[in-house]
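Single chain ahead, by itself, as C-alpha cells, in the form predicted alone.
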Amino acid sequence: MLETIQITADYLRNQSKLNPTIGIILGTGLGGLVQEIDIEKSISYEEIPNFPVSTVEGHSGRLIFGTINNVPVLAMQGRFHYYEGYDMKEVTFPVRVMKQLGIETLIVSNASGGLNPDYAVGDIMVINDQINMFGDNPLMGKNINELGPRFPDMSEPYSKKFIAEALKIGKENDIDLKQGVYVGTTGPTFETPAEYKMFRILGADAVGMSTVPEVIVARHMEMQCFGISIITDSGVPGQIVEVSHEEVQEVAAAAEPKMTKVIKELVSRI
C-alpha cells in the first residue's frame, strides 16, 4: 500500500505547484463549493493512477487543486462509497494520498437523513461525533506503522476547535447550525422506519452512507477533521416519507450555499 500511495502522490505532486494543507471531500449534491475555488488544476479521477472512480450521480469525479480566499486547498468533487463495491481501503485511499501530499486538515461534507426531531429537512448539522455501523473498519488487517498506530485514539474524531469556530461563523452570518452525532451505514438502501428508530436510540442525530471510514483513516494519520451534514430527508417517526436519490440531491443543492459559506470562512480561519 505504501508504494501505491507514493505512486499516486508523486503523480499528483507533479500536476500542481500548490502545496495545500487542507483537504475537502464534497458529498452528494454538494459540489457547488468548487465555484468558490480559484482552480489551478482540475483532474478527472480516471486520469489518476490507482484512484477509484465515482459511479454515483451527484459526484462529478474530479480532484481540484486551487485556493479559497488565497488559502491552498485540495478538493474532491465526489467521493467513493462502500456500497459501490469498493472495499474500505479503496474508499479511504484518497485520504491516504492527501496525507502523503501534506494535507493536515480534512473537511468532509455529506447529505444525510435527520433522526433528531428538532431537525428539519434543509437544516445543516456540524458533526461532533460518529458511530460506525458499517460492520467493517478501514484499519482491519495488518497495520502499516508508517501510516499510524495499531490502535488509534478516537476520543476526538472531529476537532473541537474547528467545531467552535464553525458555530461562531454560523452566528456571524445568521446561519442556524445544528450540532450532533452522525451514524454511517453501508447503504445503498435508505433506512427502514425501525432502523431510523434504532439509530436514534443509539444516540445518532443523522444517518448517511459515507464519511465515517474517511474520518477513521484521517485520525489514524493524525489529521484534524471537520464534518458537516445537510439534512435531506427525515427519519423522525410521523415524518418519514418515500425518498429518492434525486430528491436528496435537490435538497442538498438548495441548502448548499449556506454550507459553502461556512466552509469558505472556516478555511480562512484554520
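For every residue, the number given is its place in the sequence shown, counted from 1. Worth saying up front: this structure is predicted, and the values here are computed from it rather than measured.
Heads up, the form predicted in complex with hypoxanthine isn't pictured, but that's what we're talking about next.
Chemist: Does hypoxanthine get within 4.5 angstroms of any non-hydrogen atom of residue 68 in the model of the complex?
Modeler: Residue 68: no contact with hypoxanthine in the model of the complex.
Chemist: Determine whether any heavy atom of residue 75 comes within 4.5 Å of a heavy atom of hypoxanthine in the model of the complex, and answer yes or no.
Modeler: Outside the cut-off, so no.
Chemist: Could you confirm whether residue 209 comes within 4.5 Å of hypoxanthine in the model of the complex, counting heavy atoms only?
Modeler: Close contact exists here: in the model of the complex, residue 209 approaches hypoxanthine to within 4.5 Å, heavy atoms only.
Chemist: Within 4.5 Å, heavy atoms only: does residue 233 come near hypoxanthine in the model of the complex?
Modeler: Residue-level check for residue 233: yes, a contact with hypoxanthine.
Chemist: Look at the stretches 87 to 95, 184 to 192, 124 to 132, 155 to 163 and give the one with heavy atoms within 4.5 Å of hypoxanthine in the model of the complex.
Modeler: Heavy-atom contact with the partner occurs in 184 to 192.
Chemist: What residues of 237 to 270, in sequence order, lie within 4.5 Å of hypoxanthine in the model of the complex by heavy atom?
Modeler: Going through 237 to 270 in order - heavy atoms within 4.5 Å of hypoxanthine in the model of the complex - there is one hit, 248.
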